[in-house]
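Before any questions on binding or motion, here is one chain by itself as structure tokens, the form predicted alone.
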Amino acid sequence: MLALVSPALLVILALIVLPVGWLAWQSIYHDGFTLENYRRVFTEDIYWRSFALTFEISLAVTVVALLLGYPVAYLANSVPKGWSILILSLVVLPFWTSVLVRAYAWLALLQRTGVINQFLRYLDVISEPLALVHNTFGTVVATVHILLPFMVLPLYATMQKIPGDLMQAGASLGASPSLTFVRVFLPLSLPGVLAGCTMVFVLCLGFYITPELLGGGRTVMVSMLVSRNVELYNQFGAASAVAVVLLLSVLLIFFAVSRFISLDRILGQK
């Protein structure tokens, strides 16, 4: 048995355990053992503001993705199989394009001379271009577009397991479609909601390219803090400490969510 799993264990050791271990070591060792990097993370305002902004943006992206993704998943689950395949194909279609290209596309659309501002000015809705990029708004819009499939797919997988007979049974008992949805379908779909929200929130915590381009240097998320500590200040220890704190935050979130839903279900293995 050990011989069979040894190649997999070596891969895990080389690609996960050693890099994370080296990251943790760099955060506490610089010419000797030190906790200075962690002291800075937990006491300096710039780190607190960056972590707070990252969690705020992640929460906003998760809420918007849920509001947009739930109706899409519900529609895909309700229509015949051919239409369902078409809807899901459109949902996963952006995966065929890199995140960088999609971020630049949103930058072109939302900038002051972009299509949206030009269209609104053509309709005389606005007199001056709106500030749609280089701020939190542009970051949230582009991030929602990129992470939306991670909300739709878990929702659709959960909805597929809900027996359609339950809706018919509710209707036969005199309940309206909306009441049957609220009292029957929505509670049964909550595991998918929790799985989708967890995936989107955790992925958003580590986003880098989109906030870098759409934030215009004003929306400094944690991943950008790591990058700047390395590229601008050459402080690998500080960058490692930030990365370790972010990693522990993600593990804590997974642990909290696992109290309500199994990790296998969040990761799509069931």
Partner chain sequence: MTTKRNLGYGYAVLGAIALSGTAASAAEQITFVSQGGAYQQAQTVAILDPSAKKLGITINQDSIPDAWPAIKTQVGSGKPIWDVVDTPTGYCLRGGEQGLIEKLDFSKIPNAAAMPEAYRSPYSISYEFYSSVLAYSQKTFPKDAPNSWIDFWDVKKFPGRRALRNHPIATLEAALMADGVAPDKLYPLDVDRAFKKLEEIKPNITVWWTSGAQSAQLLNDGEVDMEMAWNGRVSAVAKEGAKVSFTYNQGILQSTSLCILKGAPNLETAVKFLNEAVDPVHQANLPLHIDYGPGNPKAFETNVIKPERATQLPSEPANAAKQALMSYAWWSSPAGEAAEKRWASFMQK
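Residue numbers count along the first chain shown, from 1. Just so it is clear, the model here is predicted, and its values are computed rather than measured.
Beyond what is shown, the protein has a form predicted in complex with the partner chain; the following relates to that form.
Note on contacts: among Val133, Ala195, Leu147, Ala73, the single residue with a heavy atom within 4.5 Å of the partner chain in the model of the complex is Val133.
Shown without its partner, this chain lists Val99, Val184, Leu107, Val141 as candidates; in the model of the complex, only Leu107 has a non-hydrogen atom within 4.5 angstroms of the partner chain. Picking from 175-183, 86-94, 111-119, 156-164 the stretch near the partner chain in the model of the complex, with a 4.5 Å limit on heavy atoms, gives 111-119.
In the model of the complex, no heavy atom of Ile28 sits within 4.5 Å of the partner chain. Within this chain, Val202 is remote from the site of the partner chain in the model of the complex, having no heavy atom within 4.5 Å. Interface membership of Ser58, defined by any non-hydrogen atom within 4.5 Å of the partner chain in the model of the complex, is ruled out. Contact annotation for Ala241: none of its heavy atoms lies within 4.5 Å of the partner chain in the model of the complex. Taken together, the three residues Ile46, Val220 and Glu231 all lie with some non-hydrogen atom within 4.5 angstroms of the partner chain in the model of the complex.
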